[in-house]
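Only one chain comes next, encoded as structure tokens, the form predicted on its own.
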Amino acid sequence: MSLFGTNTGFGSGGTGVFGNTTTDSHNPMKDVEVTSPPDDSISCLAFSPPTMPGNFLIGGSWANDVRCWEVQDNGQTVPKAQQMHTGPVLDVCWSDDGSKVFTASCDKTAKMWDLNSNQTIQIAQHEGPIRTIHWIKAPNYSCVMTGSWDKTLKFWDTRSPNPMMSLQMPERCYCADVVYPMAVVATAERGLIVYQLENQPSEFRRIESPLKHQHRCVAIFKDKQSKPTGFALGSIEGRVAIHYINPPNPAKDNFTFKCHRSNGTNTATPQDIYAVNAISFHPVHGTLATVGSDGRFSFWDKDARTKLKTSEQLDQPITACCFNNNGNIFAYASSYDWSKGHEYYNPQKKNYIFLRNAAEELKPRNKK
């Protein structure tokens, strides 16, 4: 019986896989813990593509390392391999065939990790830390897109030391997403740029930000025909914007919602407002998950404009999340994000990656 099958009680039972842990604030949802997590804050997570049999999870951290785990059907995780940068790893992605992993680092380089040979080579160079990395598979080209704090977006064919193309951005790259033929990049000073990737990448449109505070995360969503049609953008002010590229009715179709806040709307006590650290769309249902510095994850239905679920509060922020390719597993990382400064940093506190059965909880409210 697969632990990640559709009809298990995984993550919902009172005892969980590891016995009764009711007093345990590091894992209040009693989800499966990934073995041998990184030794410093976890910055990014990515599951293997559907072309690969099985599930492999990649995680990058501020300990300069990238780790790979195999997630077995019974929920057990097996550490497979690890590679290093000389600075914190800020982003990771997979090639479409699952044979390579690409990693972006504060050491101003990006590397290609061949999982079969367990070798890495440098494939990109910037003048500042590289914040985002994405694999682009177009009919007539394949490349890696890197976004940096040096205010450039570069495209690399992985074989040449020079980029195929370099595009200037108005500001530092803070987050990005790619769903061919669309890319979206959010920058410092609330910049927002959409790129089209057909034939060759080019700037498509600059958008005035729907949010009033610093951008933290962005994720593209698709329409019923699986075409990219818009994006969700999260800010440090506990708010997410749902933005369509060409909506029939912009004033009605585009909206924002508050999330990752505490104390409700009671005006007597000030509301604590936390950053939205990551957004991920469910690959089957098109619903979304957000994770925040408040130490909670939430599941949302953007079409019905309703919240499906909010987790109990973990004892530290949630810094990254992702779904596996069939949407049965939701992975999220718990580690300090320095949102409360150095005085709240506790080097004794461990970092965790948790796995949750996502098959049921992310089904939309009312099937359209």
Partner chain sequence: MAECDAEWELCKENIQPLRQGRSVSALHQALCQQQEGNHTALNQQKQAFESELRLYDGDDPLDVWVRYIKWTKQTYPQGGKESNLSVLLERAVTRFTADKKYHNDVRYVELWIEFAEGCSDPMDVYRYMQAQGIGTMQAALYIAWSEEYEKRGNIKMADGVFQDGVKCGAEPVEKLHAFHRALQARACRQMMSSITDQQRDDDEDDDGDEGAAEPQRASLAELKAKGKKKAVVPINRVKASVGYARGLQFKQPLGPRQNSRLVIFDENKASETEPQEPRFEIWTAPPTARAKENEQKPEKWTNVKMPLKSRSGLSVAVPPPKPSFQPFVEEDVQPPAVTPCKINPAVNSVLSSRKPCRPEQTPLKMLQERMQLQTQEDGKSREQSMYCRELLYSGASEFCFEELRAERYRQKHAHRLLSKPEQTHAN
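Quick caveat, the model's predicted, so the values are computed rather than measured. Numbering follows the first chain given and starts at 1.
What comes next is about the form predicted in complex with the partner chain, which is not displayed.
Stretch 188 to 196 is the answer when you ask which of 219 to 227, 112 to 120, 188 to 196, 249 to 257 has residues with heavy atoms within 4.5 Å of the partner chain in the model of the complex. Within this chain, S166 is remote from the site of the partner chain in the model of the complex, having no heavy atom within 4.5 Å. None of the heavy atoms of I242 is located within 4.5 Å of the partner chain in the model of the complex. Contact check for S41: a heavy atom falls within 4.5 Å of the partner chain in the model of the complex.
Although the partner is absent here, R131 lies within 4.5 Å of the partner chain in the model of the complex, judged by heavy atoms. Annotated contacts: R172, A275 and S339 all touch the partner chain in the model of the complex [non-hydrogen atom within 4.5 angstroms]. Checked against the partner chain in the model of the complex, the residues S202, T158, Q214, S99 give one hit for a heavy atom within 4.5 Å, which is Q214. A heavy atom within 4.5 Å of the partner chain in the model of the complex is found for one listed residue only; from I236, L288, C93, M182, this is I236.
Taking the partner chain as positioned in the model of the complex, the residues of 47 to 65 that bring a heavy atom within 4.5 Å of it are, in sequence order, W62, N64.
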